[in-house]
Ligand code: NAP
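Here we start with a single chain on its own, the form predicted alone, put down as structure tokens.
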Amino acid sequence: MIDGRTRTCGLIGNPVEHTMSPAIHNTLAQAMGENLVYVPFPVPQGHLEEAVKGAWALQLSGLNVTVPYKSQVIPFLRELDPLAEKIGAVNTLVRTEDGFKGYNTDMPGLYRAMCRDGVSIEGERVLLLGAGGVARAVAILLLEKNAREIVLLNRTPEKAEQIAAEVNALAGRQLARALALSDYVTLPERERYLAIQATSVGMFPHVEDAPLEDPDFYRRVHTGYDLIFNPAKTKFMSLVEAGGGRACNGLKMLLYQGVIAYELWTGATVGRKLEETAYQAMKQAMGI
């Protein structure tokens, strides 16, 4: 029941109408007896600073941040968590005494999702498809979780080379390298890789697309992890399975980035049973 003691959290971005986050947070708050509500706030371009200051003035406990503001919001924060600073993107704001502190729960959310799905990073040779902001963040996660090798595959290898150089500088060794998408054929045929799909190719409504369609590529993949969650089964995932691999989508990443944000805002620990309750609420909101 909303009353004078109800705390408010929310989401800022543009657009926000499609968000599944209210299903996660309001379900958790209700199940845990937390007097908290979560609502989306559309923020027009050019009004981000006002939105952050307004949220502070209105005593909001925390915010999620979605596109296009994950990097743009950083100058308006009081403090940055080290991981968010390293990645250069923030998706969760937590209220402190004198401003908001920025966190990145996307990558910890992906890692928790992969662990729940039984997918390991440590010691793995990883094919990372894409070279945008998401791929850069994933590359840093792979570094932190001790991947054995990172091969960035992108249509324009120059962007991938930039990320590889950055990762190698952080690692202090040659951990990552970049290839054009078509140059996957130079990879050893005997190797089987973990492949992470970090582009928007195949996202609804373009569900018939995949960044690579050659069956030979997918025969080298033992596990394919697509960060897209709509559709629930992407063309990439179907091709992974056709090649004999196991495929996962990004729905649990979406869940766990929210769960970790909720834990930051409330200090609570969300157990496995409540995770599943929120997961089912999110799937119901999506109609799947």
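The numbering used is simple: start at 1 and walk along the sequence shown. What you are looking at is a predicted structure, and each value in this text was computed from that prediction instead of being measured.
One more form of this protein, predicted in complex with the named molecule, exists but is not displayed; see below.
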Exercise. So in the model of the complex, does residue 201 come within 4.5 Å of the named molecule, heavy atom to heavy atom?
Worked result: yes
Exercise. Is residue 227 one of the residues lying within 4.5 Å of the named molecule in the model of the complex, judged by heavy atom distances?
Worked result: yes
For this session: Although the named molecule is absent from this view, report whether residue 154 comes within 4.5 Å of it in the model of the complex, heavy atoms only.
Result: yes
For this session: State yes or no: in the model of the complex, is some non-hydrogen atom of residue 88 no more than 4.5 angstroms from a non-hydrogen atom of the named molecule?
Result: no
Exercise. With the named molecule left out of view, which of 36, 28, 254, 240 would have a heavy atom within 4.5 Å of it in the model of the complex?
Worked result: 254
Exercise. Of 181, 74, 187, 83, which residue is found within 4.5 angstroms of the named molecule in the model of the complex when only non-hydrogen atoms are counted?
Worked result: 181
Exercise. Of these, 123-131, 140-148, 170-178, 214-222, which stretch puts a heavy atom within 4.5 angstroms of the named molecule in the model of the complex?
Worked result: 123-131
For this session: May I ask whether 108, 259 and 283 each come within 4.5 Å of the named molecule in the model of the complex, counting any non-hydrogen atom?
Result: no
